[in-house]
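To begin, one chain is listed below as structure tokens, in the form predicted on its own.
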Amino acid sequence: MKTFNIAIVGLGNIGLEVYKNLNINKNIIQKRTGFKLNILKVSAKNLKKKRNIKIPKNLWEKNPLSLAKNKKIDIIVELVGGSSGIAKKIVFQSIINKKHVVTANKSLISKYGDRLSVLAEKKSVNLLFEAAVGGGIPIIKSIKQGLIANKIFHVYGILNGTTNFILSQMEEKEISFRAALAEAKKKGYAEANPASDINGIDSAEKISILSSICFGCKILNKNFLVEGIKNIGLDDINFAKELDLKIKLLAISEKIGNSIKQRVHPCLIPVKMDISNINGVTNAIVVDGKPIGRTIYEGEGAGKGPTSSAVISDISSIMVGNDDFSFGHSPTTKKKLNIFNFNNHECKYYIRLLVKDKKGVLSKLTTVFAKNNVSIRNLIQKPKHNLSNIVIITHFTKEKNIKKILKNLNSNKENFKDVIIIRIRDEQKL
């Protein structure tokens, strides 16, 4: 019976959980794969750090890059994170030295995935990263294998548990963004520096990976709309309730001709839609394809348990040899597609702003919309201190028209303040 020797690089919460579960479940894995596994080496930045798991001294390797050249090692598990430094070096060097690689590193894959997949095919090894998207949801394997006979044209979902938790807390407890963020940090759902999450970067990296897998294209990791949730206020949450809508940070990608319409931004979605009721740190991903139609995947999007489960699933796939291409397509067949010009995007828009409660201001506001050919569907006005909180819902209009309106409103701060825009998701696509 063949034995696969494994090296784990990075022993944070995820790395330790992988180490623990590989040891606890090695007999189960052996029965299900027909192969033995053995953790031959581990490496971490701080060898002296106190850990709640005792690791034998003979397993430790001070220089992680030496593991890439160790002929006894079959699989390198990279759990350092980041798109540069030791994470990048160990993954590239491991593949060059014909070692299989498993990683949870979304930043690295979204930036270098195309290069790495070409290299992996050339060296006849696997590069797998199920844990990089959706935590414990087996979304990548489901698309690559379960939907292999389908032409996928649309994928979207809640890909970041931190922002979903924050928005859920704002709604449930009627608290501010700052208070909800503090609660997320307290519970360990948000990092000390949560910028990647709340600014939409984490979701952007994940949707870039999913787009490549779904549409067979090279990774599109720049020049698309990425907006976070830090400008969403409690007023927006409450207005959404009045309109039978909920606010969710969605990552969305569609194939339109030879272009990919890929973006990340807050959306207002109808409360009757299933995805509007995905709360807390839960992730949900929707895939539309032919002939299957719609499939929906839901589960824990982060945390050491779900992430380690996905990492070990990839290790097992390598052992049984049932996963060939990193992105579900041979790198030589992946097409270079363009990013859709988002100025031509059409939807209904929610625009909230504070105005001075005086005669003529409302007339000036509606004039701005009329001059830019944007039709107002609903207008709600509520007093707030010595100002008025106004919400406008537009009819379907193009993004470029809304940009002109925002420019006009923001240039007249004497009358119009704190302008917030949220796109309303087309009900037909939910």
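Start at 1 with the first residue shown and count on from there. In this text, all values refer to a predicted model and were calculated from it rather than measured experimentally.
Another form exists, predicted together with another copy of the chain; not displayed. Remarks below refer to it.
This chain appears without its partner; in the predicted complex, the one residue of S308, Q262, T103, Q169 with a heavy atom within 4.5 Å of another copy of the chain is S308. In terms of contact with another copy of the chain in the predicted complex, the residue from N97, N231, N322, S83 that brings a heavy atom within 4.5 Å is N322. Residue contact check for N193: none of its heavy atoms lie within 4.5 Å of another copy of the chain in the predicted complex.
Using a 4.5 angstroms threshold between heavy atoms, I292 counts as touching another copy of the chain in the predicted complex. Residue contact check for N410: none of its heavy atoms lie within 4.5 Å of another copy of the chain in the predicted complex.
For the chain shown alone, T333 is a contact residue for another copy of the chain in the predicted complex, at least one non-hydrogen atom being within 4.5 angstroms. Figure note: of the listed segments 182 to 190, 201 to 209, 148 to 156, 70 to 78, the one touching another copy of the chain in the predicted complex, with heavy atoms no more than 4.5 Å away, is 148 to 156.
With contact defined as any non-hydrogen atom lying within 4.5 angstroms of another copy of the chain in the predicted complex, the contacting residues in 109 to 139 are G136, I137, P138, given in sequence order.
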